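Quick heads-up: it's one chain on its own, the form predicted alone, in structure tokens.
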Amino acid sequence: MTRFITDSCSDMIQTEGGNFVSVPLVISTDEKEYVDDEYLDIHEMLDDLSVYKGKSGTACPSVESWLHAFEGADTIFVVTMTSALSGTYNSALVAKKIYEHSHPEAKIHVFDTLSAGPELRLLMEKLFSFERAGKTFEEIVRCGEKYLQTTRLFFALKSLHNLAQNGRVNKVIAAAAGALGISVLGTASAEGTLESSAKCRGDKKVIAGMLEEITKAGFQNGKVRISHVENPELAEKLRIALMERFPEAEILIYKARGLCSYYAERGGILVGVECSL
């Protein structure tokens, strides 16, 4: 049996049939833990965090969680968030070695996306299409790694508090976000870290800045995946702007799950795009 597995940073919900599994990360405070699965009430979590004064953080899936997701499969493709900001990739690699030892016939590949959110979804969708096309395990691995070189992640965040608190971005950069309506635009670097590129005030400038960055990256008319944290209005404005410039683009808008909602915070959007295909 072939199985496709990703961590919950992909924002993908568990599907029926057993060929796809989402392994949850955990968001925690001193008072409560939030497991990032399909049962998590994200609005409630954001409300709780908005009034919580202590430290909060996230934990990657355990090796046991990955092994449970592998069980029963002999061909396994795993897609994880960036290894530069999380132990998720390394945890999956440890599970891979353990599972291969007890299942010597198994074929497993773990993709380190060096990214987050929508870029994981783009890769997972592409892997699905490779399997439907009848590609072999080796072909899917090779083509999947090559595809990752053609995708990019961009973001516009109204707050970087949680990212800064957990050492994911510079606190000086974070201090600007949220002040007087300022949003920080940025991207995932080639090394898998998050880099800011501009500061904008107001939705119009956010959309203009995002459109400029996406165009400069080489986007033409491929896929766009937009996840938002309780900000469908901004996501829709970006969709309209993209369609005006790239009328054949394939755009999907959806709500971010727990992990991305925690780091992007209320009002944030994450955008994955195909470039230079």
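Source: prediction; values computed, not measured. So that there is no doubt, residue numbering starts at 1 and follows the sequence shown.
We do not show the form predicted together with ligand X90, though everything after this point is about it.
At the 4.5 Å threshold, heavy atoms of residue 197 stay clear of ligand X90 in the predicted complex, well away from it. At a distance threshold of 4.5 angstroms between non-hydrogen atoms, residue 91 is out of contact with ligand X90 in the predicted complex.
Under a 4.5 angstroms non-hydrogen atom cutoff, ligand X90 in the predicted complex lacks residue 144 among its neighbouring residues. Ligand X90 is not shown here, and in the predicted complex it never comes within 4.5 Å of any heavy atom of residue 151. This chain is displayed without ligand X90, yet in the predicted complex the stretch 52 to 60 from 52 to 60, 234 to 242, 39 to 47, 218 to 226 comes within 4.5 Å of it by heavy atoms. No residue in the set 122, 185 and 275 has a non-hydrogen atom no more than 4.5 Å from ligand X90 in the predicted complex. Shown without its partner, this chain lists 140, 206, 163, 78 as candidates; in the predicted complex, only 163 has a non-hydrogen atom within 4.5 angstroms of ligand X90. Heavy atoms closer than or equal to 4.5 Å to ligand X90 in the predicted complex belong, across 114 to 138, to the residues 114, 115, 116, ordered by sequence position.
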